[in-house]
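Next up: just one chain, as structure tokens, the form predicted alone.
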């Protein structure tokens, strides 16, 4: 048997974290606070069924759905991105600067195809989204962590690491960051865009949670402050429409988009027409606004339930993030509690049966950083299950501390 490519070795550790994350979610008796899926109630099943019944006719959009499509994506869905999703955020984009892709993760893959050579450095937040790291490592990039505080990536540490490592790219999740739930401040957004321009570094802005803000002031994307085309904005329809549709989009300058076009044709030709048509019709028929209000109300209640339960049941000395949107909070336990070991016990003990994601896997530095932290998701769990799960988990933590 021939040897596997070297890239399969470079991504081995991040791939193991991802396998464990997906593997723990199949036990029906488990209270899973680990996954990042939207709530089942947030999926617009009835609207999609109605749209499908309308469009899947030969005299309607049926032939278009079943035919090859545009590399850039269907024009009416790109128009939705420009007018409904970017315009209200203060971004005046052209249709030619938008590409519809297969979920937000394809952006990381395509941008790496454009820029990353083996050995190139990508600066990432510490902690960061481990599945993006898996992609970066598949391209044999070296990921270096940049420290964070409650206002997101610390730009003093970013500048220091730019001087040391001369990165090709900076990867940032600025709004309700996965895994921490933190949000990059307005001043840092403006400054980050300027750093990309001044230092000739690509800023890859991954912002899939931005549109599910349910408290706090709205903040413009980093891309809003980009004057030179160095910032590439990636986003997804997974959290606001359907993760199963596998739809996302990239907004980039014309020069970059021309190369993305070539990378897309070499990867999968185009994104499937069926989910694009359904999603475009979902917006065009006026379903999005009431749906958006519903999911924000839903997640706000679950956020409030989880934060209150953590404050009630977790031990003194616990630090947690209060997210103004998204699906996660981040908890740091008092020193001495290793969350990787805690997870094994929390899942295995019949009287607990609660899953979360241990924090250590989100830090590219290794060396035990984040071993007292955990990502906890409230998105897909009803309030009463959230409260019960946190009560059980808190009891286990208190027991370990004694």
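All figures in this text were calculated on a predicted structure; none of them were measured in a lab. Positions refer to the first chain, counted from 1.
Not on display, but discussed next: the form predicted together with a further copy of the same chain.
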Checking a candidate spot here: are 85, 149 and 332 all in contact with a further copy of the same chain in the predicted complex (at least one heavy atom each within 4.5 Å)?
no
Quick check on this chain: which one of 126, 318, 224, 113 has a heavy atom within 4.5 Å of a further copy of the same chain in the predicted complex?
113
Residue (of 290, 90, 244, 216) lying close to a further copy of the same chain in the predicted complex, criterion heavy atoms within 4.5 Å:
244
Which is the contacting stretch out of 347-355, 361-369, 59-67, 332-340, given heavy atoms within 4.5 Å of a further copy of the same chain in the predicted complex?
59-67
Taking a further copy of the same chain as it sits in the predicted complex, is residue 38 in contact with it (heavy atom to heavy atom, 4.5 Å or less)?
yes
Given that a further copy of the same chain is not shown alongside this chain, does residue 259 nevertheless sit within 4.5 Å of it in the predicted complex, heavy atom to heavy atom?
yes
Closest heavy atom of residue 30 to a further copy of the same chain in the predicted complex, within 4.5 Å or not?
no
In the predicted complex, does residue 300 come within 4.5 Å of a further copy of the same chain, counting heavy atoms only?
no
For a quick check, can you give me the residues of 82-108 that have a heavy atom within 4.5 Å of a further copy of the same chain in the predicted complex?
102, 105, 106
Direction of the Cα shift between residue 58 and residue 270 in the predicted complex, where the change is 3 Å or more:
farther
Your call: residue 241 and residue 59 CA atoms, closer or farther in the predicted complex versus the shown structure, by 3 Å or more?
closer
